[in-house]
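Next comes just one chain, in structure tokens: the form predicted on its own.
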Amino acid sequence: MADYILSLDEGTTSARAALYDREGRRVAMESNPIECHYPNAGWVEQGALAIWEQQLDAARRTLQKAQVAASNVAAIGITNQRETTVVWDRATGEPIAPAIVWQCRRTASWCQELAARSGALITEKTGLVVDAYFSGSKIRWILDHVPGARERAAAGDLLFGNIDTWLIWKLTGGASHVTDVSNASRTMLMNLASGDWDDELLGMFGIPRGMMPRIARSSEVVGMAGASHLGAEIPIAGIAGDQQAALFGQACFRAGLSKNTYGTGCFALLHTGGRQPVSAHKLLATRAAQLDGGAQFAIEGSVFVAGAAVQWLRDGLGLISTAAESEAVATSVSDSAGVYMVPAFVGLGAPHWDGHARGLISGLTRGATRAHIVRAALESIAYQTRGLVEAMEADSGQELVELRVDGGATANRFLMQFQADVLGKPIVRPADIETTALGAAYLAGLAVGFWSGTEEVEKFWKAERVFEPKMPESEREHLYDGWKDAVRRCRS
């Protein structure tokens, strides 16, 4: 009997692979960077073949590092940056254009026009607001702008997939063209209630149904990874978009449990069980990872730029040499001296949904220093998260008792303490902050009987540290009022 589960975690900035044992412990992890390209203002692209090559290399190196043969891997779970769109030739497997990344704003104006015509209908069907964030308008753009693409799509020669579908298609040698409900619910093309592609929406976007992958549960065997890739055939048995995978990895299996992931962006999800949520505060209704039971739902708030703001400080401004350095620089001053940074590089997500907002740094005086700007960037992540949590509480009618957190930025102790302070709630950091990869592993392991059920894997979750709020309420509200004023200034 195989002793391990392999998780492939393809994110916006890196392709990672992780290996887990029967106690849900990570025994090895390897990562490769993924390069983004910015050919025009607001455009974000990646090479689909580069993503595949980097992800496969990370998986191979993970097995080598752990000295584990592929024959000793029970299943593969896949989790991915959502909404990022790939269109490729069915016969050759060659992408017909660069992958359009979820952050890309090239279709924002068209989406505004669509929202004016059909926004209410689309939200009713999908649970989403009409925005360039989602895959539907990206597919349409490729079909309209790549010569001959629309004719080839109509003839059945082109396939669409988000990154999960693309990786599975490559791993199975083209045998499986499949996605799961959590990823499909982020396309703006799936009917949230039925869990199937909606013909009216496909027609509205001009997308042939034949391009679309089969929608599966998040935990079931959907194909076999070919032996040529890793050394043995391995069942692919778990699929979930990165945020739904993180929700699962945080053991948020039931209604009322919530998490926030701090990555390139910030994503807060509240599990609502079998109840399809409706938001009055511009949050998103989405599908949570589905096992063998009925549909599961979540309500989600999305911040487009979180960790990406720290990357900009490093790569764009040269204010820090590493992301980890931001903590020491931020704590070298007692406060941000009235400086606020709103990192609306690609517009604002929930609860504003302003695709034309742009970033700003306000409150600068001659006394402002590098440290104040770095601190303001970290604080912006916490302020944006508070906006999500407040909207989530208003929609659900529930007050969050605590917020479970994960993702690379949770290693920053200043950020976690400031988050607790500005939110006024405990922040719970788990022992394994890579819960996205862990959630995909759980889904795959449950599908093949590697673990007996959610009751078993729930016991694996452990808190490593709880950050309790220490800031007086008056100070918290004063700082947050300043943030809201800065946001008003950057709106389009």
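Under this definition, the rigid core comprises the largest set of C-alpha atoms superposing within 1.5 Å between the forms. These numbers come from a predicted model, not from an experiment. Don't overthink the numbering: it's just position in the shown sequence, from 1.
From this point on, the text means the form predicted together with adenosine-5'-diphosphate (ADP), which you will not see here.
- Although the partner is absent from this view, Gly408 contacts adenosine-5'-diphosphate (ADP) in the predicted bound form, with a non-hydrogen atom inside 4.5 angstroms.
- Shown alone here, Pro213 lies farther than 4.5 Å from adenosine-5'-diphosphate (ADP) in the predicted bound form, counting heavy atoms only.
- Contact annotation: Leu189 falls outside 4.5 Å of adenosine-5'-diphosphate (ADP) in the predicted bound form, judged by heavy atom distances.
- The shortest heavy atom separation between Ala324 and adenosine-5'-diphosphate (ADP) in the predicted bound form is within 4.5 Å.
- Partner contact region in the predicted bound form: 400 to 408, out of 74 to 82, 116 to 124, 345 to 353, 400 to 408, criterion any non-hydrogen atom within 4.5 Å of adenosine-5'-diphosphate (ADP).
- When adenosine-5'-diphosphate (ADP) is considered in the predicted bound form, only one residue from Gln276, Gln112, Ser332, Gln311 comes within 4.5 Å through any heavy atom, namely Gln311.
- With the partner omitted from this view, the residue of Leu270, Val181, Leu378, Leu171 that lies near adenosine-5'-diphosphate (ADP) in the predicted bound form is Leu378 [heavy atom within 4.5 Å].
- Contact residues in stretch 257 to 277 (any heavy atom within 4.5 Å of adenosine-5'-diphosphate (ADP), taken in the predicted bound form) are Tyr262, Gly263, Thr264.
- Relative to the superposed rigid core, Gly408 undergoes a CA displacement of at least 2 Å between this form and the one not shown.
- Relative to the superposed core, Glu327 undergoes a Cα shift of 2 Å or more between this form and the one not shown.
- Put the two forms on the same core and the Cα of Trp102 is off by less than 2 Å between this form and the one not shown.
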